[in-house]
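Shown here is one chain on its own, the form predicted on its own, set out as structure tokens.
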């Protein structure tokens, strides 16, 4: 069978995501991906040297979608309070969408991220870095009273874990979760303004 589209790393990652959704991480193989693409598994290995490298790349791609979306908030309009609230809201919404819209894929990525702790740590560092930019902006304009913006940003990230850590996904559809989220955001913003 001839490939339907040029074989690129991005095309391989798209198909790998679909194969992972259908088969799960325990059963999905590079041969399954190659079969779906209509190429030999050697063709896939020319782009990704190992199965582990392919799994890492597809997981990074999945995590980067959230990071890229949140970067738009950091670079967007508004004061630091508005950006922080919007950033936290976007993160919560993105995680809820991933868990609710495609539970099979979310479960698959939960397994993969558990296997790729260095990648997850890097992702968290990127997210905290984005928060740091917002907190620095608030400190610079006098909107936030804070010592070390990086420490404050990490504290905000940890304080909101219920709303973005996949271990809490079961809570995200419960009644009252939106109100809880709003209260946590309001509390954090009051604390940042008062120092």
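Numbering follows the first chain given and starts at 1. Given the structure is predicted, the values throughout are model-derived calculations rather than measurements.
The following text describes the form predicted in complex with another copy of the chain, which does not appear among the structures shown.
Exercise. State the residue from 133, 151, 31, 57 whose non-hydrogen atoms include one within 4.5 Å of another copy of the chain in the predicted complex.
Key: Residue within 4.5 Å of the partner: 151.
Quiz prompt | Residue (of 75, 121, 101, 79) lying close to another copy of the chain in the predicted complex, criterion heavy atoms within 4.5 Å | solution = Selected option: 121.
Exercise. Decide yes or no: are 6, 14 and 39 jointly within 4.5 Å of another copy of the chain in the predicted complex, with each residue judged by its heavy atoms?
Key: The answer is no; none of 6, 14 and 39 reaches another copy of the chain.
Quiz item: Should residue 26 be classed as touching another copy of the chain in the predicted complex when contacts are defined as heavy atoms within 4.5 Å?
Solution: So residue 26 does not count as contacting another copy of the chain.
Quiz prompt | Partner proximity in the predicted complex: residue 163 to another copy of the chain, non-hydrogen atom cutoff 4.5 Å | solution = Residue 163 belongs to the contact set for another copy of the chain.
Quiz item: Within a 4.5 Å heavy atom cut-off, is residue 168 in contact with another copy of the chain in the predicted complex?
Solution: Taking the distances in the predicted complex, the answer for residue 168 is yes, it comes within 4.5 Å of another copy of the chain.
Quiz item: residue 156: heavy atom within 4.5 Å of another copy of the chain in the predicted complex?
Solution: So residue 156 counts as contacting another copy of the chain.
Exercise. Just give me the residues of 172-187, first to last, that have a heavy atom within 4.5 Å of another copy of the chain in the predicted complex.
Key: Read in sequence order, the residues that approach another copy of the chain (within 4.5 Å, in the predicted complex) are 174, 180, 183, 184, 187.
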